[in-house]
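The data below hold one chain only, encoded as C-alpha cells and taken in the form predicted alone.
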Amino acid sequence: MTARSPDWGFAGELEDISGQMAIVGVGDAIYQRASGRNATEIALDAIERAIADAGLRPEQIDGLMQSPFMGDTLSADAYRDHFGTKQEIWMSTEGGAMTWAATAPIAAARAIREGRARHVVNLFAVDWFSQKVAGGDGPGRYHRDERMKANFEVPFGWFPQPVYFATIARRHMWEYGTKAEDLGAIAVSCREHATRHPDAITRDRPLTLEQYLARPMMVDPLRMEDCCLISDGGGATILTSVERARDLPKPPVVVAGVAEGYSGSGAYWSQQADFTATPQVFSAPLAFAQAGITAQDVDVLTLYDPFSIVALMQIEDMGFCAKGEAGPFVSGDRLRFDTPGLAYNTHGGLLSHAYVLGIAHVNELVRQLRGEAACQVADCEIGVYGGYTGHMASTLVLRRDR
C-alpha cells in the first residue's frame, strides 16, 4: 500500500467570503444530445431561466462570469443585444464550471464590494455533442493539444480520458481491494436519481447493479456507465450579496465556505506522487472549517464525476470515510436521496444527468436547499459541491438561509 504523502499538493489562498454571498437564481438549458444550437444560444436560454427564477429583470444583471479555458461563450454586447438592454456589464473569466463553479462567488463578491456589479451571472454552456455529430472535436482535444501530454503521454497510449482513469481505478483496486460493485454502486445511484429527474438525458434508461455488472468493459476496469456522458447543455447561477438577496422572492442560498486545492504535479497526473488521491485532500477541510461544519453535517453532496472512480476518491478525500473505505461506504442504497447514508448527485451527475461540467451540480444544490428538487432530501440544510479538473479541486459549501 502506498504511503499517504502530505507534500504532493497544497491548498490555494482564497479570500474567506463565508456568509457574504448568496445564490438567488438558477437556470438550466434543456439538456440533450445534439441540440443544433451553439454554446451562446444555449447560454442565453439558461440565463433567461435563471433571471426568471430570481425574480429579476434582464437590465438588473450587470456581471457575467465565464470559463477561463473555453473562451467567451457570451459577450456583453451579445447579452445586451439579446435582451434589448443598455447597462454596463462587468466581465470575468474566473467563473464557469469544473472547479470554478465553486470559486466563482469569490470574484463576484469582490466585484460587488468594489461597486462594479450588483447581480452577477455565472454561466457555462457547451455544444460538444453537436460538434461531434458535425465531425468536430469533443473535450478530448483539450488534453491532446496540451504540449506536454502530446509528447509524453499520448505516444505511450495514455490517452484519452477513459484510459487515464481506468489506470487510476485499477491502482485503487490494487491498493485497497476496491471492487467493480463499488464503482457500480455510484453508477447505479446516479442513474436512479436521473430516472426521476425531468431534465436528465438518461431518465428513460434505468440501471440495476446486475445490469451494470453484465455490461462489457469499455477500458478495463471501467464500463460505459462508469464514464460521463457527452451532451449539449448549459446552466446559469445568479449571485448577489446576502443583504440584497433577502429582498428577492425566493429564499437565498448562502455561500458558507469556498476553498481550492492543487496537485504539485500540475496537469500531469502520471507524475502525481499520490496516484489514488485528489486535491480534495487540501480543499475540503478548509471549506468545511470556514463553514463551521464537518463531513457528517452534509445533507447532500454533488461531485464533479467524469468517472465513477473520481467520485469514489473524492468521497474519501473529503473525509466522508477513511481512505480506502469508500467501497463499503457507498454500497447498496447508501447514496440514494431517500435512504440513510449520504445523498449523492441527486440529479444524476455527469454520469447520468448531462455533461455540463458541474454547473448543474451547483444548481441542484440550490434547489435542494430551497426544497424544490426532483429527488428532494428531507430537511436539507447543508449542501456541498466538489469541483475537479485533475490537478485542481474545489469545495463549495452552501446552506439554507438562517
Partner chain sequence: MAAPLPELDWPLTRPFWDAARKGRLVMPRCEDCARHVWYPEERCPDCRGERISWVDVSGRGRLFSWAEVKHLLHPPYEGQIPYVSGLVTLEEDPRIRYVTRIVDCDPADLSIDLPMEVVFRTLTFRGVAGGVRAPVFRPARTPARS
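As the structure is a computational prediction, the values presented were derived from the model and not from experiment. Numbering follows the first chain given and starts at 1.
Keep in mind that the form predicted together with its partner chain is not shown, yet the notes after this line are about it.
J.: Considering only heavy atoms, tell me if Glu316 and its partner chain come within 4.5 Å of each other in the model of the complex.
T.: No.
J.: Heavy atom to heavy atom, is Pro285 within 4.5 Å of its partner chain in the model of the complex?
T.: Because no heavy atom of Pro285 falls inside 4.5 Å of its partner chain in the model of the complex, the answer is no.
J.: Would you please decide whether Glu153 lies within 4.5 angstroms of its partner chain in the model of the complex, comparing each non-hydrogen atom pair?
T.: Judged by the heavy-atom cut-off of 4.5 Å, Glu153 is in contact with its partner chain in the model of the complex.
J.: Does its partner chain come within 4.5 Å of any heavy atom of Pro198 in the model of the complex?
T.: Answer no; every heavy atom of Pro198 is more than 4.5 Å from its partner chain in the model of the complex.
J.: Can you pick the one in Ser331, Ser75, Thr93, Gln271 that has a heavy atom within 4.5 Å of its partner chain in the model of the complex?
T.: By the 4.5 Å criterion, the partner-contacting residue is Gln271.
J.: Which residue, Lys250, Lys323, Arg171, Arg113, is the contact with its partner chain in the model of the complex, using a 4.5 Å heavy atom cutoff?
T.: Going through each option in turn, the one that passes is Arg171.
J.: Based on heavy atom distances of 4.5 Å or less, which listed stretch (271-279, 235-243, 94-102, 179-187) is in contact with its partner chain in the model of the complex?
T.: In short, 271-279.
J.: Can you tell me which residues in 154-177 come within 4.5 angstroms of its partner chain in the model of the complex, by heavy atoms?
T.: Read in sequence order, the residues that approach its partner chain (within 4.5 Å, in the model of the complex) are Val154, Pro155, Phe156, Gly157, Trp158, Phe159, Pro160, Pro162, Val163, Ala166, Thr167, Arg170, Arg171, Trp174.
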